[in-house]
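Only one chain is shown below, in structure tokens, and it's the form predicted on its own.
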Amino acid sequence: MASQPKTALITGAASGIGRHYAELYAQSNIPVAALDINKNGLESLAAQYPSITAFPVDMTDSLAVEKAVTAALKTLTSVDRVINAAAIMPCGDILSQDTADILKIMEINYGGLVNLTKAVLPSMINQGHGQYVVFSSMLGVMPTLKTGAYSASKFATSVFVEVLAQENIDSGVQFACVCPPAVNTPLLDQVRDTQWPKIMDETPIITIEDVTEAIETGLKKGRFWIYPGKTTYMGSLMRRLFPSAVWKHIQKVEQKA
């Protein structure tokens, strides 16, 4: 890694990118507070690495998140880096998805970030340093069909973190918003189990290592927006400059037999 933190707090730590980061830090004996609703996944992770402390928590419960972060701060003393990777990704046409499922996506992906921010960021600002890394998505930049609920949660995430960074620009805390394309993690199984957008077949699925490498490079260079993958940044430009053309192509792809 280009820059190793002294301590880390990670959400979504039981699987995927969150777990990968927790394992990377633990292998370097960096103390990690691992948060996730998946208690069994956290316990298996903590059992492998003595430097990882598990904090099972529902990220949608603001009081529970505050309690978990308070306990984590006692364990770590301070938080040097936050990795917010907790998310769900069921997909489908907006009118075909249950209202409760749509709201749950927003509650976890965006609401969980809000709860985490309120619980942990003040302590990082008070100490005058740290790195606050939040996962949005390329779908939070360039939405497609069947991802309306998920994309909305990630658009909200992107805006929230962008404003948060500007409001605390002189705090000493470095903010980063990571917008990867599809990554080879268990999160994609939720898409496969619901409705897979055909347009996602046009972009190669990248590895977790691709993502972590982009993050470390981005943090070292002081970037706020981090776009893992070879075509991701170009896709963000296309969305910004030629939105009608992008949608026309998406419609054409989705209508193919």
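Start at 1 and count along the sequence shown; that's the residue number. In this text the structure is predicted, and so the values were computed from the model without any measurement.
There is also a form predicted together with a small molecule; it is not shown, and the following applies to it.
Per the 4.5 Å heavy atom criterion, the small molecule in the model of the complex is contacted by stretch 31-39, the sole one of 31-39, 66-74, 46-54, 218-226. Taking the partner from elsewhere, every residue among G12, Y150 and P181 has a non-hydrogen atom within 4.5 angstroms of the small molecule in the model of the complex.
Contact check for T185: a non-hydrogen atom falls within 4.5 Å of the small molecule in the model of the complex. A residue is said to contact a partner when one of its heavy atoms sits within 4.5 Å of a partner heavy atom; A85 meets this definition for the small molecule in the model of the complex. D58 belongs to the set of residues with a heavy atom inside 4.5 Å of the small molecule in the model of the complex. Using a 4.5 Å cutoff between non-hydrogen atoms, Y132 does not count as a contact of the small molecule in the model of the complex. Of the candidates M124, L116, L145, I108, I108 is the one whose heavy atoms come within 4.5 Å of the small molecule in the model of the complex; the others do not.
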